[in-house]
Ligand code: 9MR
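Taking the form predicted on its own, here's one chain by itself in structure tokens.
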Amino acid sequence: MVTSERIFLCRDESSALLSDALHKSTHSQDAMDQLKVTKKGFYTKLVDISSYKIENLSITLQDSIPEDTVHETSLHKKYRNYFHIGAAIDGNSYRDSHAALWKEHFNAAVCENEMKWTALQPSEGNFQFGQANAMVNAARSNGMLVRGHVLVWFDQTPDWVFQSPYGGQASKQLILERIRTHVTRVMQEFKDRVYAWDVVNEAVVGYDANNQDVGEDLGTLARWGYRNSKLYQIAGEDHILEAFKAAREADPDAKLFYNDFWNYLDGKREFIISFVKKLKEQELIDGVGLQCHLNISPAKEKLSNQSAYQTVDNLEKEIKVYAALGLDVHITELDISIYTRDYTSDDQSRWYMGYDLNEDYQNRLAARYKDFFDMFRRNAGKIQNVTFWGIADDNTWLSEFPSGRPDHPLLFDKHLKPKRAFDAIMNFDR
């Protein structure tokens, strides 16, 4: 059947329906995102065709594999009928000891830092694509989809962006011109190789009654609003609109996303929706990215802390609300810290110093991952991609930022072996 989400399901008796849908398209540039095909004697396969035109579509059915004879050990193959499984890679992990895990278990990739503004254009007009190109090409040579992260972000943007060549602060017009130039040049470089982009990242925060950023403590929250970054101070909301306009023009076939954290908070979601609707009315956005940097359990002592709201039900509600707007939903930066947010990361008395997780942490982490992935599978029709922020525990940002506190947030341990969390999300009947 043909759904409003542009996903087509073809069965024996409805092959003609698919054919009719393809021939009824009146615009040669119309493209479908994914195709799911089921036919007796063959198995269901989710095929990404976002870079193909409908008029040139071809389908290959693969021989059937009886379900009861398959014991899948590859993560992305186990989830092939649900969504793509991605991992963030850095300049080493895609080719060092992590590479075998990456190739075996993931069919999507994103560069952790190598496609941010400071990496790609450290000085004006000086574009440096070598490292990012090597990573993108490695992913594609292994049959992976590549997400681009990130075009415009308040962080990891070089100082020159905000400076006038004549001294002092850059004007709004100059900031918008620089955004357009950067977005256009970067997207053209990776056109037809990067299928989805985080165009703008983390532009929304909470404020108290004195218009101060409340951080993680929602006890003094008065409102949600745009982050008071240099980008916003100089160019206001227009820096977001300009980024999406430039992105759509640079690569009309790419999927364009707004990406942020704490999307399980209703108030933040509503503010995000207020400007996402403006973008959608102009056909400038395709989806939202939900970062999902989670913790092993919600905060139990600091109940005004944002992580007290880290529940499966809250996140599921957000997924459904965004999807109901006709937006794609990607889980973009998933990891689960073994710590709660009841204390700060610099409290070394609370640090877990074991190189390997003990039984209690193994079981708790596995249960937490299982609960979220059970929910993700329930909503597979709304989620197209789930990406982990890293491959294994020996290389995770959570053990580096902000305190150097050792953490164990991923599916593979520091020996690059699967943890119980891996088994927990693999143990389901397809």
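Computed from a predicted structure; not experimentally measured. We number the residues from 1 along the sequence you see.
The same protein also exists as the form predicted in complex with the named molecule; that form is not shown, yet it is the one meant from here on.
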Scan 305, 157, 337, 291 and let me know which has any heavy atom within 4.5 Å of the named molecule in the predicted bound form.
291
In the predicted bound form, the one of 208, 342, 249, 202 near the named molecule [non-hydrogen atom within 4.5 angstroms]
202
Contact stretch among 111 to 119, 305 to 313, 132 to 140, 169 to 177 - heavy atom within 4.5 Å of the named molecule in the predicted bound form:
111 to 119
Please determine whether each residue of 106, 368 and 374 possesses a non-hydrogen atom within 4.5 angstroms of the named molecule in the predicted bound form.
no
I'd like to know whether residue 195 contacts the named molecule in the predicted bound form, with contact meaning heavy atoms within 4.5 angstroms.
no
Is residue 318 part of the interface with the named molecule in the predicted bound form - any heavy atom within 4.5 Å?
no
Indicate whether residue 397 is a 4.5 Å heavy atom neighbour of the named molecule in the predicted bound form.
yes
Any of the heavy atoms of residue 330 lying within 4.5 Å of the named molecule in the predicted bound form?
no
